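As a starting point, one isolated chain is supplied in structure tokens, in the form predicted on its own.
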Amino acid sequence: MVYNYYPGCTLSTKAKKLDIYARAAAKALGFELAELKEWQCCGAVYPLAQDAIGERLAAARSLAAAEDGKLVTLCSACHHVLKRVNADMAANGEICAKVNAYLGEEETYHGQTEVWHYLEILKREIGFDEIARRVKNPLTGRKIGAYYGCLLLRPAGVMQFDDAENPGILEDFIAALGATPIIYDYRNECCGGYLTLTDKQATGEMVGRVIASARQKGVAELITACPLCSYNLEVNALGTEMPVHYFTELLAEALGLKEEETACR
């Protein structure tokens, strides 16, 4: 199976591991990520203003370019922006008309593309039971906490990714790899990502609460799908450090692929 793939900017720079191991694991599991041609930055932040049409154009172009009706993402921020803009195009006639006027394409776009996160492919299309059968290096004995953050889950009515208050997809993923998933209180709380440049103290305190909550429950390492969360958890922890990995790194490791990959470029 081949899926249209929107990598986003950060996966070409600071978050290369998230992308590289996702592609390798996809190949091993029998599907392909076909990168969209000439994709543009999604804007990183969903525009709340109804009249912010320009800020929706790049996302809308990529959504319209997904010819088979599915678009797969990895970065939590990209997934968030694309899915919410897609909802605007499907449900808000004024935004839809203005965006299409700017796009100037012969065929107008009305939100018909399905936006899927890579984790949803693993769960719905491959199945965690099948992934467990493919594991070559089970992560036995490792106590891993899932850090969801905000963007994958909220607003729940639009994202429809998992239960926003009690998610479980990452815990099921961790268990499929042979590790022990640990549930802790702050796994779906904000890490302060958008305050990173303006208020490092506040960000550090928010990150500290996340890591302290995880450590209290016995978590030894965290996984995430968000490059900004990963940065915050690693850089702004204010003395409460804990190992942080992208979920695709653990998937590649469990599938026996990490040793086969060259160093991330």
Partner chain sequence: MQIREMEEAAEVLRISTVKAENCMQCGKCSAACPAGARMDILPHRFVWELMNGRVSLLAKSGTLWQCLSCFACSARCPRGVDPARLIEAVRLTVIRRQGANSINVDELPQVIDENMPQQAIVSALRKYNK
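Residue numbers count along the first chain shown, from 1. What you see is a predicted model; the values in this text were computed from it and never measured.
What follows is about the form predicted together with its partner chain, which we do not show.
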Contact segment among 147-155, 116-124, 102-110, 170-178, judged by heavy atoms lying within 4.5 Å of its partner chain in the model of the complex: 147-155
Full three-residue contact with its partner chain in the model of the complex, heavy atom 4.5 Å, for Ala52, Glu165 and Arg209: yes
Selected contact from Asp68, Glu32, Glu35, Asp199, since only one has a non-hydrogen atom within 4.5 angstroms of its partner chain in the model of the complex: Asp199
Distance check, Phe128 to its partner chain in the model of the complex, heavy atom within 4.5 Å: no
Close approach of His79 to its partner chain in the model of the complex, 4.5 Å, heavy atom: no
Tyr231, heavy atom within 4.5 angstroms of its partner chain in the model of the complex: yes
Its partner chain contact at Arg134 in the model of the complex, heavy atom, 4.5 Å: no
Partner contacts in the model of the complex for 1-31 (non-hydrogen atom within 4.5 angstroms of its partner chain): Cys9, Thr10, Thr13, Lys14
